[in-house]
Every structure is written in C-alpha cells, then in structure tokens.
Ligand SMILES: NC(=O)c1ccc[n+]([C@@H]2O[C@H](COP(=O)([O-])OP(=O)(O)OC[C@H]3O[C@@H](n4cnc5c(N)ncnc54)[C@H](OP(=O)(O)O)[C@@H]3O)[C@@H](O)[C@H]2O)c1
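Quick setup: one chain, the form predicted alone, written in structure tokens, and binding and motion questions come after.
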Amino acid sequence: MKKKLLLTGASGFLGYHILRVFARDWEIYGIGNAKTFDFAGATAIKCDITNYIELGNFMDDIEPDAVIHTAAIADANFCQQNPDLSYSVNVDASKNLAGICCDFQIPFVFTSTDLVFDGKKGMYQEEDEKSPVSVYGEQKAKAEDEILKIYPESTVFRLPIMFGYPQASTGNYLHNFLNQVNNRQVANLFNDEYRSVCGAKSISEGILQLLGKSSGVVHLAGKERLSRYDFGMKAVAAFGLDPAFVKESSQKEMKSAAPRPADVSLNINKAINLGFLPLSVHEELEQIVNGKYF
C-alpha cells in the first residue's frame, strides 16, 4: 500500500514536478485554491489553506503520512504592495500546517527561498544570518522561524530560482524565456544578479530523498553560481536558439516595487553530505531538450 502525501501548491510550477516525481511511490492529495490541476496520479482537493478548521478537517479525513507545503504568494512585487494578504498565506497558513503536522507527528516540509538573505556576500550557508530586503523575503524568514518553533522536527528547504519542464505552467521562467527568444524578441537578462539555479526535477527528487531524514534548514539548489544572463546563454545553447536575442543588463537599471538582492547563491554542502545529487544546469537542460526529463 502506498503512503499518502498531502501537497499544497499542487497546481504550481514546483508542485507539478513534485507530482511527477512522487507519483511513482506515493498516493498524492493535492491542494489547489486559485487554480486546479489535472494529474492522473493525484486527487485534487479544493481548499483554502488559510482556513485552519477546513485544513484540519482535510487532514483528519486523509490521514497523510507526510505533508509538503509549497503553496505561497511568491511574486515579490505583489507581496511588497500587499503585505497583509500575502502574510496570511506565506506565514499564517504555514504556521497552521506546521501545527497540524506536529499534532499528527508526521514529516512536514516547508519550501522557503534564497531571498531570506540580503545578497551582499553570496554562497550562504544554512547558519548565516537572515537579512531579507523584500517583504516576500521577510515573510519567508518569519515563516521559517515560526515553523521550527512550533514543530522543530520540520524540514525547511531553501530553494533557488528554478527551471524545468516548459509545459509545467505558463508562468515558469524557462517557458517564458524560450517563447520570447523563439518569437525573436530580445531578452534582457541581469548579469549582476546571482543565484544557485537548479532544475525543478532535481529539487523534487532531493525532497523525496531527504523527506523525513533531516530536520531544520537545508539548502537544496544547484552547484553552479550563475547570473540570469549566464543561465540564459546556457538555455539558448541547449535549445539551439539564436544567442543574439539575449542581451546583458543590470538589475540596477530596472525599477521594481520589491528590492532585489545581488547575490543569494547558496552553499549546498549540507545537502550533498545528506545524499543530494543535483544535475548540472547543462545536464538537466539536455534532458528537457531530448525529451528524457520524465
């Protein structure tokens, strides 16, 4: 008999990849609120994750063996302009889930972000001081603290910017970038904003591998420190597109509601020591191009 997984954010980009990876061995119940999803290996549930009673009732009915909480309002500019609304999802709902999982004494995974750091030094370790520069980063940092206070056995995976299956969602980074270049539109990509870019399949497999085997904060990310421009050039090379439509730009030239940190690359030695083996950006892009991703 398969174990039961409750997955929030199942209709999102990372949720899509977790569904594909976990469906082999788990019976999955996916919560989506604003959007629904259609996946043969999972049962879709409509639920407002900010409603503690409704959420608790679903947990009672399903009796999951683990919970992975990926649902969030992740648009940093939206969070900057709507702090109260985003707080209810990014912090309050996360605390509620942690409390319920503590009551059930089951593994709870919370997906956080590299944006809990200020970007002044890069290659951050798990123990480095958090100093977010945006409301979204502040909310994720707050959620981390509250979750580990409520349920210390929880696992907080800090994640980087991800790419993956282009058809996973219309909002995913690689999908939009490829459409732009395919349509012969110039993509202006930052050459001074660094992340530990990683494929969503590698991240999902890492979550599966480490689920219930580690608690506290773990960085799951790629081994490479890349700018958005660096990644863009790797992507056009892999897909055989014209690099002339990829131009360098500076984040300092773009005005946005939410401040942008310069270098939030992550040290992943802890995850590697636990057995995490992410593919390189080139390897994961090649799998996508060759139709061997799933």
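Only a predicted model underlies this, so the values are computations on that prediction, with no experimental measurement involved. Start at 1 and count along the sequence shown; that's the residue number.
Quick note: we don't show the form predicted in complex with the ligand, though the next part is all about it.
- prompt: Looking at 106, 181, 74, 147, which is the one with a non-hydrogen atom within 4.5 Å of the ligand in the predicted bound form?
  reply: The residue from 106, 181, 74, 147 that makes the contact is 74.
- request: Answer with one of 199, 206, 160, 119: the residue that has a non-hydrogen atom within 4.5 Å of the ligand in the predicted bound form.
  value: When the ligand is considered in the predicted bound form, the option within 4.5 Å is 160.
message: Please pick out the stretch from 125 to 133, 107 to 115, 184 to 192, 210 to 218 that is in contact with the ligand in the predicted bound form, where contact means heavy atoms within 4.5 Å.
response: In the other structure, the partner sits against 107 to 115.
message: Since only the chain is shown here, I'm wondering whether residue 47 would be in contact with the ligand in the predicted bound form (any heavy atom pair within 4.5 Å).
response: Residue 47: contacts the ligand in the predicted bound form.
message: Can you work out whether residue 265 and the ligand are in contact in the predicted bound form, taking contact to mean some heavy atom pair no more than 4.5 Å apart?
response: Judged by the heavy-atom cut-off of 4.5 Å, residue 265 is well away from the ligand in the predicted bound form.
task: Evaluate residue 156 for contact with the ligand in the predicted bound form, applying a 4.5 angstroms cut-off between non-hydrogen atoms, and reply yes or no.
output: Contact check for residue 156: no, nothing within 4.5 Å of the ligand in the predicted bound form.
query: Does residue 98 reach the ligand in the predicted bound form if we count a contact as any heavy atom within 4.5 Å?
result: No, residue 98 stays farther than 4.5 Å from the ligand in the predicted bound form.
message: Only counting heavy atoms and a 4.5 Å limit, does any residue of 262 to 292 reach the ligand in the predicted bound form, and if so which ones?
response: Residues within 4.5 Å: none.
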